[in-house]
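Take a look at this single chain in structure tokens; it is the form predicted alone.
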Amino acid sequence: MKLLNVTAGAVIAATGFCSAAFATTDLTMWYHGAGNKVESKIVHQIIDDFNKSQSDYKVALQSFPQNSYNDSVTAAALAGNLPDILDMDGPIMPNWAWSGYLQPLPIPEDHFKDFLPGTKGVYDGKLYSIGLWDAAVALYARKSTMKELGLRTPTLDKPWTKDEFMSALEAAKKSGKFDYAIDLGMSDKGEWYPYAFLPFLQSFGGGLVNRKTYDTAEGVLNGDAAVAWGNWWQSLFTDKLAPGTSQDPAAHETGFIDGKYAFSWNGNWNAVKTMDKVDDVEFLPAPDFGNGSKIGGASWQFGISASSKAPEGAAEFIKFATQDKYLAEFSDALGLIPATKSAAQMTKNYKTGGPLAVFYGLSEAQAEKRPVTPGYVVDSKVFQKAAADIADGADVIDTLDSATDQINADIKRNDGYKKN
């Protein structure tokens, strides 16, 4: 009888063990890349690999078109239907964290100590998101043009000063060989404006909002340094050095390749196709307008929704997805900057001596995140309009004062974006 009891207990225990061993928690994941076949293929591969690597969790993906993704997330948050895992553009993360859509990653930040700064989404001292890659902007130039115009090649350690940069543009204009000296991408009227042009303002010593307090734009967006930036910015268009807001998008796409522009302020994501067409293209660091060379940082990143019932499983997936082999795979397929130096060495373009290695150095040395505040979603729109209006000839001081008032009004309307 005793033996029988032991056996029955063993059976019960074994049955319970088997049940626990085969229990799988389903995780939902949303992604912004519907329509991008290459990117989608890699994301699906990572999920398949993760699902096969263990039996505790199973991730199911739902992809959205990028232009409707943020609205879908917001609607889901309001309806209480957020997925476990979601990706987000780096600058919007603080707003989603402040709004209660996200929870801090249950992963020690030290786990990502080797990741580029721009890939880490930190808000209120907590890591909310992590990216598999970053992006960087550089000044595209032809070595032949540089030699012909007698220009010094700037380096990370010794970038062009404002005077050197303007002399280069004037020399290109004076040569008479180009439609414009530089393509700034003015036809791309979206997040490109703050991503690409705000660093110019920061290099002048200005900014979008006070980064110590995040409670005002007064004196930052309309101070002396910002006005100096505005006057310089406007001069690029009044002096016919760059095409303005009416630029044909097609000209921005191929103008440098076709030889219409001597220089192009452009991203690493266009570097590979440019190298295919322009044998002697080189990628130069941002000019230093007085307060250091600066470029924008932070791209798409993974995070965990506040409503996830299995954040530990979501965290396991994020750790799995951020392995070097996947960072390298994304880089080779899409030309993106891998998040770690070790992953960069596994790529064809970003390894030491690779044709795009300079972009890793730019991201590491010059990248500065856009203002880490929930108000950035408004600030960015205000800057986009101000930069476009100034380029179109609006009064610099009046425009910057108005932009400052709009940002301050938004901060006041949201009670200073106080942390919840």
Partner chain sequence: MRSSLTSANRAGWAFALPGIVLILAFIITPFFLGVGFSLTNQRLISPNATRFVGLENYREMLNIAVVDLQAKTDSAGKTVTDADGQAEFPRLRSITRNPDTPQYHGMQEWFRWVSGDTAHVVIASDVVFWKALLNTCIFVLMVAPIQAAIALGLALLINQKLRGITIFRTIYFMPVVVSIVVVSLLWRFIYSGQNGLLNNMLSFLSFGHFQPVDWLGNPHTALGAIITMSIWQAVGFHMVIWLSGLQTIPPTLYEAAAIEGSSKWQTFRYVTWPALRHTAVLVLIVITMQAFAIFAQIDVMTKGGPLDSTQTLVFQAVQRGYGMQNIAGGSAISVILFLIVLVISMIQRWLTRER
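Residue numbers count along the first chain shown, from 1. Keep in mind that what you see is a predicted model, and the values were worked out from it rather than measured.
Not on display, but discussed next: the form predicted together with the partner chain.
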- Query: Even though the partner chain is not shown here, does it sit in the predicted complex so that T24, V43 and E329 each have a heavy atom within 4.5 Å?
  - Reply: no
- Select, from the options 291-299, 277-285, 146-154, 218-226, the stretch whose residues sit within 4.5 angstroms of the partner chain in the predicted complex by heavy atom distance. 218-226
- Task: Sort through D395, E364, D49, D56 and report the residue having a heavy atom within 4.5 Å of the partner chain in the predicted complex.
- Result: D395
- From F317, Y101, F200, W265: within 4.5 Å of the partner chain in the predicted complex by heavy atoms is Y101
- Item | Non-hydrogen atom contact V358 with the partner chain in the predicted complex at 4.5 angstroms | no
- Query: Using 4.5 Å between non-hydrogen atoms, is F256 touching the partner chain in the predicted complex?
  - Reply: no
- Message: Residue-level contact is defined here as any heavy atom of the residue lying within 4.5 Å of the partner chain in the predicted complex; does T347 satisfy this criterion?
- Response: no
- Message: So in the predicted complex, is the partner chain close enough to A333 to count as touching (4.5 Å, heavy atoms)?
- Response: no
- Message: Pick out the residues of 64-84 whose heavy atoms come within 4.5 Å of the partner chain in the predicted complex.
- Response: T74, L78
